[in-house]
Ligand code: GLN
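Single chain ahead, written as structure tokens, the form predicted alone.
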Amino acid sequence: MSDLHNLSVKALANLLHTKEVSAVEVATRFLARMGGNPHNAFLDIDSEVTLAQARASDAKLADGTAGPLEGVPVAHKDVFVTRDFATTAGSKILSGYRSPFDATVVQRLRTAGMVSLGKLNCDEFAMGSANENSAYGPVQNPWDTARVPGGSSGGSAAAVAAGLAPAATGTDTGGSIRQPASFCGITGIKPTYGRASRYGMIAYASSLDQAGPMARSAEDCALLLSAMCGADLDRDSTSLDMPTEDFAASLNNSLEGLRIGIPKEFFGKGLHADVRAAVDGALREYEKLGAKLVPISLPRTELSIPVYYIIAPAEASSNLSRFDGVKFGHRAKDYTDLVDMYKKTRAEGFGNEVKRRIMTGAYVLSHGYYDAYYLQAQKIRRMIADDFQNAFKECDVIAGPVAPSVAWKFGENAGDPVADYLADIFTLPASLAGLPGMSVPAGFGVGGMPVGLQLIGNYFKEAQLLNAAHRLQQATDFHLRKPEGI
């Protein structure tokens, strides 16, 4: 079946369970497409490991012990540690690192039956909005290889968009699932903070990092999210003590009477006209489906950028202190003493953006500046969260653009990191509040590049978001469109 790579997760699962295809056949098809590593999406591939997992899935499909996603391929962002593949977090400092265990998210998807295709490229330690910060080269956007795929989960988004994997894992600290999903024309969801375990996910900013699925459709994301989530209290202190949920159960619920909040701050100066037109078109579809658009305000939206770029680097400066060349990862060859080894190892191993954020974080946490910067940022973070709660008194779901523009060309923001930071203005508020958010394909803008609609829900309302996204995808075909030649 030559079109296996164009099938959804659900369609592949159905074919596998009815034994119309085998897991080995499916895995072989995707491995063939991955040959030569199109778009530089993958950082580690091991066909023997993948085919061994596929054969194990076929055995379970034969004896009736198969999981719900048995034999369906998935690829993992390279910040999830894995025993069978190297884990580098896109950094030279972890080049060739092999973990002795699997991240909880990886383990749970394998328990559900999914077969791993390998590890996906990303911005170094998930720090970036364009996937230009990887030590192993940038990922190309399948819609236009001269443009960025978004970041930091750019490899995940590109792999799904290019038909190299039916689904992928990603992480979202300030928009790193939603923004690349928007730029590559796929669907991605960041659940409520704590829904998915962070155990085995290499930490960037611990109070913000969250795992989530990326796939073509909301239905596929719901299937993966159901398998990924669940309490992991013994291994992740931030894990929520909540039972697993079937996020696909309410996908077909009516949207009649759904109140969709439209924040005026998301539609002002800086939003490109082509993105505005695509988002407005999606909102009109919601009105046809029975939803009601409600004007709301999120008054501290602009403050989310300085707040995020104080809090996240502060946490990163602490989290990344473990990468010192002592126990694992890169170590400088020539040094005079322990301190010299630390300095040279970290200078050689970290890229410029990572160094920039470590230094920024160390500065805002230093004596005399902690109260002036870090403490104030945390106070405003609470106010941003309160703004959302006030808004949710008037609406059920919030909608707006994911990013101010479509994907930009490589090098367009070279030498200006703030330009990349500003691209996160619409995704950062939900991250700071710990709310679930997702990107849904909503049309196309300049250069035929995809535009994503962002949906934000209240805490634990992932099912409602996925329902709203699914109904939009039943009414439109943007999620089914593919780059030329795919």
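This structure is a prediction, so every number in the text was calculated from the model and none was measured. Just count from 1 along the sequence shown to find any residue number.
There is another form of the same protein, the form predicted together with glutamine; it is not shown, and what comes next is about it.
In the model of the complex, glutamine stays beyond 4.5 Å of every heavy atom belonging to T169. None of the heavy atoms of F388 is located within 4.5 Å of glutamine in the model of the complex.
Glutamine is not shown here, and in the model of the complex it never comes within 4.5 Å of any heavy atom of S182. Proximity of S156 to glutamine in the model of the complex falls outside the 4.5 Å heavy atom cutoff. Think of it this way: in the model of the complex, glutamine has a heavy atom of just one of I186, M127, A218, A407 within 4.5 Å, and the residue is M127.
Checked against glutamine in the model of the complex, the residues R198, R357, H76, R195 give one hit for a heavy atom within 4.5 Å, which is R357.
Per the 4.5 Å heavy atom criterion, glutamine in the model of the complex is contacted by stretch 307 to 315, the sole one of 252 to 260, 268 to 276, 307 to 315, 380 to 388. Counting a residue when any of its non-hydrogen atoms is within 4.5 Å of glutamine in the model of the complex, the one hit in 191 to 207 is Y204.
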